[in-house]
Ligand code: AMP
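First comes one chain, alone, set out as structure tokens in the form predicted on its own.
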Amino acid sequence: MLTYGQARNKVIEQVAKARRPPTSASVSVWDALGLVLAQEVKTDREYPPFDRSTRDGYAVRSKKISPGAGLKCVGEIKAGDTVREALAAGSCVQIMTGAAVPAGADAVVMIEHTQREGDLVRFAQAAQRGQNIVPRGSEARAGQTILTPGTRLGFAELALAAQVGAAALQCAKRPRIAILSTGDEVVLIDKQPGEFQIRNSNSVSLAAQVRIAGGEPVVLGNAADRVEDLGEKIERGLKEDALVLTGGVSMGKYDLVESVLKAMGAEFFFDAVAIRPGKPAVFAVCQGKPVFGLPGNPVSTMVTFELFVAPAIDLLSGSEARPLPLLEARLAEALNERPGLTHFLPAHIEWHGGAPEVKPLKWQGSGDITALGKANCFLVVLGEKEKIGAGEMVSVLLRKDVV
């Protein structure tokens, strides 16, 4: 049985091998958050386009400044002002943050280190050449590539595109991820379930996780525990970029997903992973499309999506698979878990004095959504560990939607 790391790498390997270049479209920079860039973005000029002051103060010739020196202030430059005249020897000019430094000046002295008496400015300390100035072209040259295809566009990348005038960007379209739940016990969320039925919460959580991962969810509803119905809905799901099924992947009489996929020619790469919850997770490629069979219990579904489906969506988006958002935290109380499988336990992480501390939450197993609603992470207990003492460092998988 594969470890979760081995299974995740298998998904990345196979999806990278089978994927096709995503189609792209022109998108306004205002609407491109989270999309993957499909073009190069180049600078339209040098950045900064002038020697730029990083402080409010006085532009000076540094050689003329020593403790107690006094210079006549001959003017003021604010951000956006056109600066044509060079700074005359024996003078200074008041300058604001972001303004262009005049020719002849090679330093800006912060206003806090000066005292002004009318037009006379006295300096409390010496100045160094280049202090508080960003030189022209030091951030980027004209025509320089600053964003490359495959870059996921966050707020900093969008600001960079906007700075160079890239008001529209060619971006990969979000991959369409079909979502199909299974089981006669599942009813629509707006229906009153029978005494022994449940509402289809998995499709809701999966659609949310697909959006967070950068995909577009295509919710296909629920397949009954019948080969014909399941097969028809799987065929529909295979028209999209990937298919995620939930339920029907265990060992029960009515767990039909694997047998139906095999009959359709699917190639399986794993049908179990050494984790709890989520052990019966399935990954296959069918008709050239990645197919994921996730266990039906809600917490299992959420964990296995993050481990195995999220990196596939990254690849289908035209980018590389992002690493799991794991960090190290101090365990707040002792744990004793059965060895053999890696556990993903609902937990809550807090920062005390800058140091993260994680506390496992009480839960009733992989069907307990209530407990997960109180969690902002999963505490990861490796399979070879059985007892972990309070104060030990442990791995934590953050919930990207709430942390």
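Everything numeric in this text was worked out from a predicted model, so none of it was measured. The first residue of the sequence shown is number 1, and the count goes up from there.
Missing here is the form predicted together with this ligand; even so, the following discussion is about that form.
Colleague: To verify the annotation, which of these, P290, G215, P311, G248, has a non-hydrogen atom within 4.5 Å of this ligand in the predicted complex?
Modeller: Only one listed residue qualifies here, and that residue is G248.
Colleague: Just to be sure I understand the contacts: of S201, S259, Q125, T97, which is the one whose heavy atoms reach within 4.5 angstroms of this ligand in the predicted complex?
Modeller: The residue in contact is S201.
Colleague: Should T304 be classed as touching this ligand in the predicted complex when contacts are defined as heavy atoms within 4.5 Å?
Modeller: No - in the predicted complex, heavy atoms of T304 and this ligand never come within 4.5 Å of each other.
Colleague: Can you work out whether V186 and this ligand are in contact in the predicted complex, taking contact to mean some heavy atom pair no more than 4.5 Å apart?
Modeller: Yes, contact at 4.5 Å.
Colleague: Check whether S317 has any heavy atom within 4.5 Å of a heavy atom of this ligand in the predicted complex, and answer yes or no.
Modeller: No, S317 is distant from the partner.
Colleague: Can you check whether T151 is within 4.5 Å of this ligand in the predicted complex, heavy atom basis?
Modeller: Flag for T151 set to no.
Colleague: Which of 260-268, 234-242, 126-134, 178-186 has heavy atoms within 4.5 Å of this ligand in the predicted complex?
Modeller: Among the listed stretches, the partner-contacting one is 178-186.
Colleague: If you apply a 4.5 angstroms heavy atom cut-off, which residues in 281-298 are near this ligand in the predicted complex?
Modeller: If the 4.5 Å heavy-atom criterion is applied to this ligand in the predicted complex, 281-298 yields P295, G296, N297, P298.
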